[in-house]
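We begin with a single chain expressed as structure tokens, specifically the form predicted alone.
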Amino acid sequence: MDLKKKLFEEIKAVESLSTLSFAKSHSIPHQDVVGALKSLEMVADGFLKTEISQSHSLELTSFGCNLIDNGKSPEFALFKRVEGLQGGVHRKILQDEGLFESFNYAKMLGWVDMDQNQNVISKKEVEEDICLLTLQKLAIDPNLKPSSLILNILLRRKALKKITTKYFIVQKGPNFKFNLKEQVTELTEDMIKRGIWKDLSFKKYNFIGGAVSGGHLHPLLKVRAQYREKFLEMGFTEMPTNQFVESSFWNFDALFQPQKHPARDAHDTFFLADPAYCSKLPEDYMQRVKQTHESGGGTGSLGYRCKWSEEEARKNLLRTHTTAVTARMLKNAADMHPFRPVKYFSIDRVFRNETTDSTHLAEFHQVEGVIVDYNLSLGDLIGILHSFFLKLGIASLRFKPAYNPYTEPSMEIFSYHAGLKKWVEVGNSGMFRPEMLEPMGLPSDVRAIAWGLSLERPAMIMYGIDNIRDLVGHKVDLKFIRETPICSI
């Protein structure tokens, strides 16, 4: 209350008042002064007029303080090293001595240069270390204004940093009163009984709040909803994909992916530390998978002709593809008697131990479709792909032979991009190998065709985003989430 009265008395005495100057002159934290000002503003509408302003100041960083303690800037140290030396000092020597990193700044000051043989030479006589001198003066007077060149160098060197402070310019409002009554914040029963409430000044209630906004569907989920709708229109059933942790068995081994495959390395896959191993696997099926890996089993294949490790298969990981779920669903289909053709799809997260950049994330979504039926062929796969992509508005497709451990034949899917005027890859596909299907117990004339594509990259194209981190993650603009319209494929 004392601060509020003190601020009020000073506002009465002057035409305008800066909260920053008031805080400095009374040695009071500026934030406390702002709090007192807000309280005064509540006295009445138009009691005060306030305007936001800001000031800029310079502050020494820990690096700048260290330079003062050392008594020499790196630029001056470099200059002194080459000063007066005929032919200068070679760049490599200065790098080894840790002095060359300040070359560009010393050159900006006009102190040094480099000849065609990469020798650093002094250009003129320098009597004082202007960088150090400026830092010493700023330590005494933060309001000092250095030359733009020195300021630029010291800021880029991170010897200084700019501090921006927002403050208020306060003036008397049209309803300003020179007598400030203490405001009461609560109406009590005693005030009403005694009738004294009539003579009291009550503090206004602050009912002002931010606009309440409803939830908004993320643009990526809008695209996902469109993909899901296309699958459902084609009679597919959605697979349960809410289990992010898988065993290596379902993620790799059941898909006939060799245990020595590079994708099973920790550089590509997130393995769990606790629990490190799964405890339950279908024993009979696991033995058939083991035989297929080692010798081909009864599929007519040679397998990988190497020892298969159950311990390796039991390692837990974050699934690297939703095909791990597909393997479980195909095993369930094989256990049905009699067998019935099925059509499955999934759209969910997968995880890869990748370096993130503008087009890659360590966590992303995979779209996958699979059909299991009698006597399917590559022609059926091509036909269903044309039907699926036509629903997405993609009419022109090309297919290129590819290799996948668990599909043969395999095809990369390309579409003509009119904007880029070239064919771009839009997905991958193939027919699941007998080495994957037969250990599951599926009838010998049953085939499975499948295809997969990304969710993030089509969404980036649809919304005109060139950096995936602007679509997913902590850098996403909430305004973009709120205002992005529903995607229509």
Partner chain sequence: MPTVGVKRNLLFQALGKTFTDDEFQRLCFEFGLELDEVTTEKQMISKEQGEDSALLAGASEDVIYRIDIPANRYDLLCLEGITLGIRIFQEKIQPPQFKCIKPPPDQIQKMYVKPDTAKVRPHVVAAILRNLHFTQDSYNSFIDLQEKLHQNICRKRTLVSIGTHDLDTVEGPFYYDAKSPSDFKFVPLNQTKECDGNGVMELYSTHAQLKQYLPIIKDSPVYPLVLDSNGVILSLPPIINGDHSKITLKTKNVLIECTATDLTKARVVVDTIVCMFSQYCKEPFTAEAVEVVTADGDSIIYPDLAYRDEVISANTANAIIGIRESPESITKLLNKMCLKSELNAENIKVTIPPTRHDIIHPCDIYEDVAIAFGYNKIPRTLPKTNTIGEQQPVNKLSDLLRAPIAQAGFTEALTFSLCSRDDISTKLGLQSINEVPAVHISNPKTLEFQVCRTTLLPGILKTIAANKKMPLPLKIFEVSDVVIKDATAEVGARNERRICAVNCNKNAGFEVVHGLLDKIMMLLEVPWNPNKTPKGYYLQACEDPTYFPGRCATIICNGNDIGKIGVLHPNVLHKFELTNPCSSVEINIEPFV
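Positions refer to the first chain, counted from 1. Remember, it's a predicted structure, so these values are computed and weren't measured experimentally.
One more form of this protein exists, namely the form predicted together with its partner chain; it is left out here, but the text below deals with it.
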- Message: Which is the contacting stretch out of 115-123, 220-228, 71-79, 142-150, given heavy atoms within 4.5 Å of its partner chain in the predicted complex?
- Response: 220-228
- Message: Can you confirm whether F271, K280 and R328, the three residues that make up this candidate site, all sit within 4.5 Å of its partner chain in the predicted complex, judged by heavy atoms?
- Response: yes
- Message: Although the partner isn't part of this model, could you tell me whether G303 comes within 4.5 Å of its partner chain in the predicted complex, counting any heavy atom of the residue?
- Response: yes
- P458 near its partner chain in the predicted complex, any heavy atom under 4.5 Å? no
- Is I481 close enough to touch its partner chain in the predicted complex, meaning at least one heavy atom pair within 4.5 Å? yes
- in the predicted complex, does D477 have a heavy atom within 4.5 Å of its partner chain? yes
- Contact assignment for its partner chain in the predicted complex, among I394, L376, A333, V89, heavy atom within 4.5 Å: L376
- Identify which of L155, I196, V245, M108 has a heavy atom within 4.5 Å of its partner chain in the predicted complex; exactly one of them does. V245
- Query: Looking at its partner chain in the predicted complex, which residues in 107-131 have at least one heavy atom within 4.5 Å of it?
  - Reply: none
